[in-house]
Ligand code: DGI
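So this first bit is one chain, no partners, the form predicted on its own, shown in structure tokens.
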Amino acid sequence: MKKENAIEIVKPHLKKKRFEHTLRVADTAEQLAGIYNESKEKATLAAIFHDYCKYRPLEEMKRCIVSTRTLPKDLLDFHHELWHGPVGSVLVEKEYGIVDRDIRSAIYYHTTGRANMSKLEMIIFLADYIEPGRDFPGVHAVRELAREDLLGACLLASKNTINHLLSKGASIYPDTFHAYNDLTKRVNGGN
């Protein structure tokens, strides 16, 4: 699918600010793909669709989680903000025939991360976190690190996210902890 077609598909599903965010994530993902020798086409497509289901009705997303064998039911025990990635990964295949596992997985894990993230998954996770419209404590350090150390930048983003959620007293999805632990091992050479 061409970038322009993907943008036209996604645009009506997003609010104006979220659409602008999506375009910035796509640009950031394309830049990171260039730096880290990953497919720019896959990175751009995954970035364009990463928030495709962000504004789907909660009941529709819940039905998708319940009825799709590949989605873990424990998602329902956590904040609904986590649902749009996994649900989006299912619906881009169902609605638009995007079957590429790498793209779908990058969409799935863009919010939580996971252990053993692929390079493309890390690029989308990071692009969503550091796109130029984001401005929150810690983002500038991650943005700087992203230019030279993909693993280190993902680890710092993961750490910042966990600290933020802990400070709010929010529950944290297990994949987020698994991502942090795995990234820590990878950054430290497997220890």
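Don't overthink the numbering: it's just position in the shown sequence, from 1. Worth saying up front: this structure is predicted, and the values here are computed from it rather than measured.
From this point on, the text means the form predicted together with the named molecule, which you will not see here.
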item	value
Answer range among 28 to 36, 128 to 136, 148 to 156, 41 to 49 for contact with the named molecule, defined in the predicted complex as heavy atoms within 4.5 Å	128 to 136
4.5 Å heavy atom contact with the named molecule in the predicted complex for all of Met1, Glu93 and Val99	no
His84 within 4.5 Å of the named molecule in the predicted complex, heavy atoms	yes
Close approach of His21 to the named molecule in the predicted complex, 4.5 Å, heavy atom	yes
Non-hydrogen atom contact Arg56 with the named molecule in the predicted complex at 4.5 angstroms	no
Interface membership of Asn160, the named molecule in the predicted complex, 4.5 Å heavy atom rule	no
Sequence-ordered list of residues in 159 to 185 near the named molecule in the predicted complex, where near means a heavy atom within 4.5 Å	Thr161, Leu165, Ala170, Ser171, Ile172, Tyr173, Thr176
